[in-house]
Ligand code: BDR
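Below you'll find only one chain, the form predicted on its own, shown as structure tokens.
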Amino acid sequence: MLDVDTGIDDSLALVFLLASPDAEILGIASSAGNVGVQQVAANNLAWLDVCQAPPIEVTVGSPVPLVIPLQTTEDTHGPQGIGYAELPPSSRPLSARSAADMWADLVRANPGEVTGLVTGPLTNLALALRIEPELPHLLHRLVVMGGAFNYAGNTTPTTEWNISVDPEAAKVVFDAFSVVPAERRPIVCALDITERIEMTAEHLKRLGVRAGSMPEERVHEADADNVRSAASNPVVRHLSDAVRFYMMFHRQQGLGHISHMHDPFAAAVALDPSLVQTRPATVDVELVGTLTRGMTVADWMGMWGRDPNADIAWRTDPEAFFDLLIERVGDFAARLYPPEGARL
């Protein structure tokens, strides 16, 4: 079960999961965040088309957070949320049920079997908990991309984007998971680890080579804003155009010609938790601090006297992740759109 606010790095996460033989996507919940929820849903449907995916239910979540107005981030992800990529509009239908209903229905129908992955704000999941309070016990595992602990925020000095969009929802979710046994605690992929997952132009080049796409994919720091990929493979071309925008944003922020792949990394962890080392902690969310509202606070030492409610990822091998991403997405792209002259 995938809950996304697609989003450039959410796009990579979705394509990675579609490319993974060990993943079965039961449903996609569209969350308001990087862009408005209707655009997120349109992006999800369009990526399913590009990836020639079988029918997968795509639901629309709440257009607004639980309490506060919605903030979006087109400066980071582009006006449609997918950078410079221009995906053909999809004719696939949206589901008639809500994202929250889908969360509740899927875990009820598959108790103990569904892994939930949230790479956007936690609004839909918080609303689903109102429908099915037993959801934390019915899920097999939850993986969340969000938060910042011993690390600076990327939205305010103390807050990470997904949590800051809807901190009330994040608190609802962390509080709800305080009752689960240790083996079902959420794995939290926070900025502490996801900002080590730096995609470079070389990774995009390797992806194109793996897919057999021509010409060689080149993304340069000096490229003008109107430069677009000429890749023969549509998956490579659209992903490259999306990531090109993301790299431009990171460069403008003084971070270099890279892009942080927060969400596909969390997707990989959802499939294989052994990719990370984790530490248990009790996590809460600040809701009233003048300077720290939306901050995720971890009690590592048990000072609050409350049991841990999260396993926080703190160590991984970034290049091993990129090897996996390039292998899976590159091979998948080549199967969907075989290089000219390839033997089938």
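Nothing here was measured: the structure is a model prediction, and the numbers come from that model. The first residue of the shown sequence is 1; numbering continues from there.
What comes next is about the form predicted in complex with the named molecule, which does not appear here.
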Heavy atoms within 4.5 Å of the named molecule in the predicted complex: which of the stretches 158-166, 201-209, 177-185, 97-105 has them? 158-166
Contact test in the predicted complex: Y246 vs the named molecule, heavy atoms, 4.5 Å: yes
Whether L135 contacts the named molecule in the predicted complex should be assessed with a 4.5 Å heavy atom distance threshold; does it? no
Evaluate L191 for contact with the named molecule in the predicted complex, applying a 4.5 angstroms cut-off between non-hydrogen atoms, and reply yes or no. yes
Non-hydrogen atom contact T72 with the named molecule in the predicted complex at 4.5 angstroms: no
Within 4.5 Å of the named molecule in the predicted complex, heavy atoms considered, which of L122, V235, M145, A268? M145
Among N34, N43, T296, S30, which has any heavy atom within 4.5 Å of the named molecule in the predicted complex? N34
Who in 1-16 is close to the named molecule in the predicted complex, meaning a heavy atom within 4.5 Å? D5, D9, D10
